[in-house]
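Same chain, two versions here, written out as structure tokens and called structure 1 and structure 2.
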Structure 1
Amino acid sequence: MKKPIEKETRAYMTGNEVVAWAALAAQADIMYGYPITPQNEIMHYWTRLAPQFEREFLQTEDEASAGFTTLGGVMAGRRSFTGTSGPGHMIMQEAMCMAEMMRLPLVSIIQQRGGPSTATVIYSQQESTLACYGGNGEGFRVVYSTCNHQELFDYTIKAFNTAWKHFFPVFVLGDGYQAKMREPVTLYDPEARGVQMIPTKPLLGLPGTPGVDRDPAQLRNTYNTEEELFAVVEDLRKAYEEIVPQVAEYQTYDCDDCEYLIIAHGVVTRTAQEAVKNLRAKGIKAGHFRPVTLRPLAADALLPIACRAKKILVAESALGQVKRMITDGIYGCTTPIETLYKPGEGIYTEEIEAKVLAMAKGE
């Protein structure tokens, strides 16, 4: 199969285009999807590029079908993925929960838009809870929150390896700003950087007689008794907790001596780190902790930093979705927490600066 990227290449493109190229670089076989803004162009670019590299695409009749056909592709051993946003993300939750229960390596790209419901097609961070804990499961998922186009490329590739290594569904969170805006990115072949793509394998239709030549393939999402389900969920919990040290990621920025800790994820990372620079220039010891994985949250890394700080500011383009995860993750920490919430709107550097300055003055 012809490689889509032979050498490192600098490009200037939209986030959705970046995702399509990343999926190609990750050796994805097929995308299943249904149109919804601001994710649409992932599908558009994929359908233009896929035939050139012997890859495939199936547009389904709705998002529910897109989710379940992606699972079907995975069970057939194909490196499958999907993408969606907002209401489509909600509709796909049944398939995503099935992936949790059946330990299927689903990969989904989520370009967040404003909510609740249809709301706006522009931007928000209001799909954090949905990505991490959507549906009627327990959140046995890995959720990467990206902050720029390079990370959209890097983590789309990584998502396939994480999914096929650990057999839990993996989500790459972007947003409407990232989806539509253009910025520089370095495209590369993962193998040229020493990243080996984990081979896929069919989960059904295996050779031999079940119970004779091999163990039966038991992919179940329905159980007969309460006790049976309890045992299954306990096994899922244990398996998930075992991978947490391997998959939980975070980034710190001037946190060693910080007195005012800013916690922000995704694209708000940019303004948070710029605010830290400006605040430091004004003599305010600010720092930034960024959860790269919202699920699982790197709580063990965050807790000591949070406890050393005088005050914490959680800034997000939602009404406390990640703040609730933070509060749970650092339970027992007595550092006061203040918030800067702008659901469905971008957060500016000056707003974070002003909030931290007010906190420093005791306002």
Structure 2
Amino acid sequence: MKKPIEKETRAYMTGNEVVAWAALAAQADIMYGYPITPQNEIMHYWTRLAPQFEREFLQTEDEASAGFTTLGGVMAGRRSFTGTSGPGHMIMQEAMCMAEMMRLPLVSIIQQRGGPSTATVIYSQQESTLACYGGNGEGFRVVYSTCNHQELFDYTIKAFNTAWKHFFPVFVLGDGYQAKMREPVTLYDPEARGVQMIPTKPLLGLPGTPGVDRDPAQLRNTYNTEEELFAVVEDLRKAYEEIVPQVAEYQTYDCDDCEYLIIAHGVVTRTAQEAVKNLRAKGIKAGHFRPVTLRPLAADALLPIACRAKKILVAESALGQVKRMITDGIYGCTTPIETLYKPGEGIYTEEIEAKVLAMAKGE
């Protein structure tokens, strides 16, 4: 099959287009999806590009179906993915939860929009809790929060490998800004950069006749007794904890000597780092810690930095969804934490700067 990206190409496009190209580059076989803004153009580009590379698409009747058909796709051993947002993300959590229980390598691209409810189709960071802990589960998921188009490309590719290596559902958490904005990105073939796509394998429809050549493959999510379930969840917990050191990712920016630590993820990273630059120019020792994976959180890396700082500022376009994960992750750290919450709205550099200046003055 011909490669969608022969050589590295610099391009100027929207984030949704980036995701479609990344899925192609990652050798995704099939996308299942249902329209919702601001995720739609992932499907628009995929449906235009996919037939050229013998890939498939199914538009389903709703997000429940998009989620469960994607699960069908991964059970058949195909690199399958879906994308959604906001209210659709809520509905799709049902399938994501089944993926968590049955360890299905589901890949979902979430372009967060405003909430609660229908709210806006624009932007937010209000789907962190949902992505990390949605459903009636225990959060056995991997959630990457991206901050630019390059990362949207890189982490969409990575999401497939994380999913098929570890067999937990994987989320790429973008947002409406990233979905709709245009900025430059370098598209590449993963193999040309030494990134091998982890081979997929069927979980059902295995070779041989069940009962004759092998036992049947029968995937369960229903158990009869408390003890039986507890054992299953314990196994899930252990398996998940084992992958944490391999999977947890973070980024530090001027954290070595920082007194005022800004914690922000996703696109707020960009604002936070500009604020750090400006604050440093004013003589304030600011730094930025960015959880790249919201789940699992790189708490071990964050804890010493957080403890060394004089004060911490958590900035997010939500009402403390990631802050709660942070405080849980750095339990025992006594550094005071202040917050800058703008649920459903973008955060300006000036706002972070002003907040840190006020913190430095002891206001």
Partner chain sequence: MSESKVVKAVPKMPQSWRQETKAHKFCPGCGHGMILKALGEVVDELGIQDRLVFVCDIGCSLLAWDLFNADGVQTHHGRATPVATGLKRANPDLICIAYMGDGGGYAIGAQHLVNACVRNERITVLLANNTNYAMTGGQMAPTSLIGQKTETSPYGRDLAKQGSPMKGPEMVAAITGPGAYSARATVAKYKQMKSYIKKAVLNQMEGRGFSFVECLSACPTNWKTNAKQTWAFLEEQMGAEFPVGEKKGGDCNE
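If you superpose the two forms and keep the largest set of C-alpha atoms that fall within 1.5 Å, you have the rigid core. The structure presented is a predicted model; accordingly, all values stated were derived computationally and were not measured. Residue indices: 1-based, along structure 1.
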Looking at both copies of this chain, which one is the form predicted in complex with its partner chain?
2
State yes or no: after fitting on the rigid core, is the Cα displacement of residue 222 between structures 1 and 2 at least 2 Å?
no
